[in-house]
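A single chain, nothing else alongside it, follows as structure tokens in the form predicted alone.
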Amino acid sequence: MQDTWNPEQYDRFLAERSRPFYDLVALIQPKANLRILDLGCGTGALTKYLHETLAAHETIGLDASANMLEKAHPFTGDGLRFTSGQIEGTLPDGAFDLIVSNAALQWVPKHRDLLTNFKQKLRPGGQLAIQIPAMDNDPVHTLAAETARDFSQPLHGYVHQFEVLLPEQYAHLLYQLGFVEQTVRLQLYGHVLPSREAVLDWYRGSLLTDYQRRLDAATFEQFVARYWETLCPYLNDDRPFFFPYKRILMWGRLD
């Protein structure tokens, strides 16, 4: 299927999307000569911030989107590089001191298996830092799924199902995997957008891309129109528009 990730569309809300990443990096314990893996690195700008802030020896950014990696590759150098790959696939060779994933794991199922795999790639004393959107039960997500059911024929029955766990479930999982220190919290970020229409632009750069790559251009625009028609009544017509967005931030350190 086509790569429908659009770096320009995604970065229209760069400041809002970056805030949780900065909070996540603040949870990490700095150490010398870190070897870091960033899963779902996107355009690479935040991976570069991570690499420089922690003065890492080596940082590898991994992403499945060629469009995103094209934007990331100019940041290559001084121990920072990027590679194509799937988060749920075979990870780069060798062990890491830190594995990071920012707003990417919501696209991947079986988080218990994923975190177990990540732990096996960490050196003793290694750290894991993950940020995941937690909007599954919000109309912005549930109505996208309802719209997909309305378009069942062109989508061949496909509906994106998120498998994000509860914060307490992630806390238990980190404990079971041997992370002797941990921080897990649900945080609400209040984003001030120009209008409610900006919410649609927000999701054109993220959630809706999964349907875009499965539909022809005309049908996708019909999908977006139907989605907006059902979502709009749930959003106040305020200018500016206050958009509360929930995210799970978690960090853990092995013994």
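Values in this document were obtained by computation on a predicted structure and should not be read as measured data. All residue numbers are counted from 1 along the displayed sequence.
What follows is about the form predicted in complex with a small molecule, which we do not show.
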Exercise: residue 107 in contact with the small molecule in the model of the complex, heavy atom 4.5 Å: yes
Any non-hydrogen atom of residue 28 within 4.5 angstroms of the small molecule in the model of the complex: no
Residue 212 within 4.5 Å of the small molecule in the model of the complex, heavy atoms: no
Residue 169, heavy atom within 4.5 angstroms of the small molecule in the model of the complex: no
Partner-contacting position among 78, 146, 88, 113 - heavy atom within 4.5 Å of the small molecule in the model of the complex: 88
Contacting member of 184, 177, 103, 122, with respect to the small molecule in the model of the complex [4.5 Å, heavy atom]: 103
Proximity to the small molecule in the model of the complex (heavy atom, within 4.5 Å), stretch among 184-192, 217-225, 29-37, 55-63: 55-63
